[in-house]
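Included below are structure tokens for two forms of one protein chain, each presented in isolation as structure 1 and structure 2.
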Structure 1
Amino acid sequence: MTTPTAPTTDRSFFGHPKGLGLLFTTEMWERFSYYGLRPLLILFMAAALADGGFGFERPQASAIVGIYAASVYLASLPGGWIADRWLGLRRAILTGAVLITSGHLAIGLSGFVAGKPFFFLGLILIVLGTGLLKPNISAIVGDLYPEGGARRDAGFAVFYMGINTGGFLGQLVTGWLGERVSWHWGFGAAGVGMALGLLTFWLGAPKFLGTIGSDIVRHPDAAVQAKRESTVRNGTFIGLGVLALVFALAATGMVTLDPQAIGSAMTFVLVGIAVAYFAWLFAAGGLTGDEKKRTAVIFVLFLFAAIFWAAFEQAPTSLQLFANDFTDRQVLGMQVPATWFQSVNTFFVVLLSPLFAAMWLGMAKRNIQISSPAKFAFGLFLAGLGFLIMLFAAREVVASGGKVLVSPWWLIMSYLLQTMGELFLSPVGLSSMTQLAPRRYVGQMMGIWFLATSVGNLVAGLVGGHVDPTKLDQTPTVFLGTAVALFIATAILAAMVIPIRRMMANVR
């Protein structure tokens, strides 16, 4: 008999542990569902009632998309806390997958039962489920590489390719069904993908992950541990109760909610949550001197990641509307769905991720190290170039009075540059969180990373609704403002690279 290979030392999945293959597949199906649903939302909600939509104004629909996406990532913070203190990583992932699947089922049925209440109930269930699944599956990826280093970065790059494989396929399938057959057929297809992800993880985790993520880090005093778990349980149930009350009041018309006003207020709330959390961590988190330095670096990366996502996450709002209204979509005599342009980014990620993974490993072998802040600065700069390109496309539309449909290559080149920026920033950010975070806070730090994405999604939603054929002059302003913000952020972060690198001197 042979001794089984430990899950963290196994290299049978293209040089990585087999557990990475399981997590790759699970996340691929979860992203199939998420990205398959997302681009349909603004088109569906802004579509006239006669076309099967809700007939919302564009800024209102865009704000709802921003709030939804922001809430998805915001939920990662309590999701990490619940996993760290109560459920453990694996049970949190399974619970989240069940909630997401239920949410897609509710949205799919909303065309037949209860209309808007079922639709928004489905969005809420997806938010809750993703908050449990998203940060904790990434944390398990980090646990597969206890040695750290470039191999961990490469592992996250492979994992990131799984995310975007799912996103690419999801947007093609649901986009075609949603725009060509029925909105609710597209929504239903996204739910089928999530159900497959649930089954994959449920059946494969015991075999491929061993005991990784099956339990929490427990306090040596059983009484203290029991109190911790009770606090998390009670807090979770109270939060769910408040959410259920607000939903019931809105669904019955007793309370009217203004998405744009809510989105504006949430911007300040989310940034305040981040500042308060880091202040608490430094004051009462029991961190050592080295852990405080690492946490300070996480805070800086959080700020610049939020700026990047505020631009990048305009894909389902401003760029989706630009593709729908101002882009020539005729290919071989067929008009392709506007949502298919959302798959351009994910196609480039799948294509380029292996090249970036190989590049990091090749540079490490030659002892060439680029720090995480430097990679972030490159990512911000490339995203800025992507929006600068869209400025020229928008000006061409304005010059024609909205009568000319521009070449799809404007969007394709913009997405290429944004994707390269994403690959410099996102997988590196995921890896940095697992490297820098104190072990007892790793789930929460993954939640903080996704909180940056939450802030970015919210800002993108508030900005993105200002692409409108009836108000042409707004479109160049949106793209110019985004590009300028990215270039300013690049310059500031570049000036901070050397001090931050010194603070990270002991990080493997």
Structure 2
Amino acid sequence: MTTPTAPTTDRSFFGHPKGLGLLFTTEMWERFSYYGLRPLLILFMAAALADGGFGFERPQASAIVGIYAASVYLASLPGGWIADRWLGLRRAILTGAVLITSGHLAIGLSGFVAGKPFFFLGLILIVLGTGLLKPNISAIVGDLYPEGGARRDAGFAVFYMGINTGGFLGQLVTGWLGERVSWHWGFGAAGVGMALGLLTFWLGAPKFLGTIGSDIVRHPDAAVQAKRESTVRNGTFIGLGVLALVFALAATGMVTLDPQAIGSAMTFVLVGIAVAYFAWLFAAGGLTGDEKKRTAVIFVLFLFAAIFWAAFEQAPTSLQLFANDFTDRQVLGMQVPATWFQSVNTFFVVLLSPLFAAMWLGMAKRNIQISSPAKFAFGLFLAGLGFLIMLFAAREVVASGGKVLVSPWWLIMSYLLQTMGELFLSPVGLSSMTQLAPRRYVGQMMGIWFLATSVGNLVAGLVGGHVDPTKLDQTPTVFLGTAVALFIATAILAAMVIPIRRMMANVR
């Protein structure tokens, strides 16, 4: 195994190692392309043929987007496994970047040739590529700080700012190009962003990362190691073969896939995968007693993260519909597009991340230690407040019989609270995974972390559709239900903070 050899004294990127600058930039471009493409997908697929779209029914288009988003994060699990056992973090990231760029290229080309097959092929390539890139680039950030602790948390806070800078710019630029100029200009812009990310990593990694992430943790017995690698390789090729077959059957019209049915079944599959994975890890993962305890903590953090994301990922569903149907969007005599509300969260992350990074370091200096489960409980509570606020906004709408458009400040306040919650949970969760996971499982544990997002996205899609001007009374129920679920989760987790802290051994 290559032990992470980061120069801990290197502070050339805002007080952090140079390597963080490289990972920040690569992930910024990857998220630029992801968040740039996502809001365009539903609009494009649902747009009429005459407007250059596919003319799909809305629920169908929305289910496809849900499946796509859930698959992107689900792919992190095999992506982490492939990196841990076969490719190593660095090669996995690079391969991922190549696949995502090719995916965008295919989507770009779909404007000229083989419309639907190229479009869906592009989405599949992005799913596979993101699975290889996203968990592993997050895992490698941890390697820059072999000493762990508050500096690693602060590093993840800076990295998270990169994610959201990309998200913010992507939503503005590609959204504007896609809606105002043409779909394919928007798609193209997302692709150019990802190509820049690929170039950055390809050229920069040898220079800025040294040997970090260039090799895997090998089993001391060469025969066992060879067998492990061949299992992963075969598994990967069988998986790709099945995918290619399904794709060929669907593209030639020999089978018809029903996105809505697949979407609802997928939630159960995802939860089943998580349970089966942890069961396998405990039964056959060769974990020591201490590692088992830490893995149990990861499982708890996974569950509560899934609850958090099921609320948070309602941004493009229930909250987007609320912005669209019930919010007064007149500013200086101009109607602001509803999709602009999508950028409020990423904007707040960029604004608040430095404060959070400083807060973690400041607290560490004063020797104040808050464990990650306690931070998660704060995060859930703040998100709960965010949805409670929306309950009042929704009541105002219902009281007027749906005639009054409420102030945009309700949504902005809600996003502010949710973003604060996110900053207590998401970068902290990334950092905790790298500290809790046994070194040889770090990519896969990141995969598990993103599986929580995958579940959250699907649930948010299923719940979030119930904001509808024709069924007014449902809206407060969605927000109340979400807030109550978050508060109950807060209370349960708060009660577990002390026992969990004992299980974390010497990790905070």
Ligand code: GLN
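Keep in mind that what you see is a predicted model, and the values were worked out from it rather than measured. Numbers given to residues start at 1 and step along the sequence of structure 1. Note that the rigid core is defined as the largest set of C-alphas that superpose within 1.5 Å between two forms.
- Of the two forms shown, structure 2 is the one predicted in complex with this ligand.
- Thr130: CA moves less than 2 Å between structure 1 and structure 2 after rigid-core fitting.
- After superposing the rigid core, the C-alpha of Ser353 moves by less than 2 Å between structure 1 and structure 2.
- A displacement of less than 2 angstroms separates the C-alpha positions of Ala205 between structure 1 and structure 2, with the rigid core held in common.
- The two forms line up on their rigid core, and Ala399 then has its Cα shifted by 6.2 Å between structure 1 and structure 2.
- On rigid-core superposition between structure 1 and structure 2, the C-alpha of Ala485 is found to move 2.7 angstrom.
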